[in-house]
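A lone chain, given as structure tokens: the form predicted alone.
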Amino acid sequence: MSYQIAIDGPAGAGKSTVAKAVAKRLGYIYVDTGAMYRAMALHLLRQGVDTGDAAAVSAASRHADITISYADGVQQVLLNGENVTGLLRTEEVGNMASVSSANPDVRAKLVELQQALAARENVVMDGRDIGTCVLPQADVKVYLTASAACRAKRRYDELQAKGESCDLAAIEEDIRERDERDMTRAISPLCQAEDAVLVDSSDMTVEEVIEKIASLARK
């Protein structure tokens, strides 16, 4: 019987960083659902699909083969046989993923892959609707969040460290717009599951968040 930990929350809350660390600490498999949606978004961008054309998005999504493999314990995301792991964290791909993930055909295809993996392996899975839709029977559910200002500052510092020019106010505005889009979409909107534990990381260190979630799994 597999053990499932679901971590949901808004963009920039640190879900991926925390989920990876929790999985490593517990010896579970980390499933980055956001990376899978980003891979689909990259596919749509490469196909030049207009996100306003739902039929075109649905048709293009059917031709995307997205899989996850591991090399030396590190997750690799494959799009049509190509390792695209290093191409998934751009703002363009992130914004496309937020829009295209609302398409029911895109979601149906990816959710099926995610559920199959969780059924056979102990997993830590993060995303926007893991505890509410993808793994509603997860053993542990967490809603990880932080203030928009805090999330924007983290993203700003990350981009600055990479030598990329950016504007803090613009980043925060983008985060607020993405939150609104994710929370109000018709299909599987971002929300806290009734039985999820709320973890606000605004004033917590990464290690404190990791320990908090790992301790929930040990109960």
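In this text, all values refer to a predicted model and were calculated from it rather than measured experimentally. Residue positions are given as counts along the sequence shown, with the first one as 1.
The following text describes the form predicted in complex with 2'-deoxycytidine-5'-monophosphate, which does not appear among the structures shown.
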item: 4.5 Å heavy atom contact, Asp182 to 2'-deoxycytidine-5'-monophosphate in the model of the complex; value: yes
item: Close approach of Thr132 to 2'-deoxycytidine-5'-monophosphate in the model of the complex, 4.5 Å, heavy atom; value: no
item: 2'-deoxycytidine-5'-monophosphate contact in the model of the complex: His43, any heavy atom under 4.5 Å; value: no
item: 2'-deoxycytidine-5'-monophosphate contact at Arg107 in the model of the complex, heavy atom, 4.5 Å; value: yes
item: Arg89, Ser98 and Arg178 all contacting 2'-deoxycytidine-5'-monophosphate in the model of the complex, non-hydrogen atom within 4.5 Å; value: yes
item: Listed range touching 2'-deoxycytidine-5'-monophosphate, judged in the model of the complex by heavy atoms within 4.5 Å, from 166 to 174, 62 to 70, 151 to 159, 26 to 34; value: 26 to 34
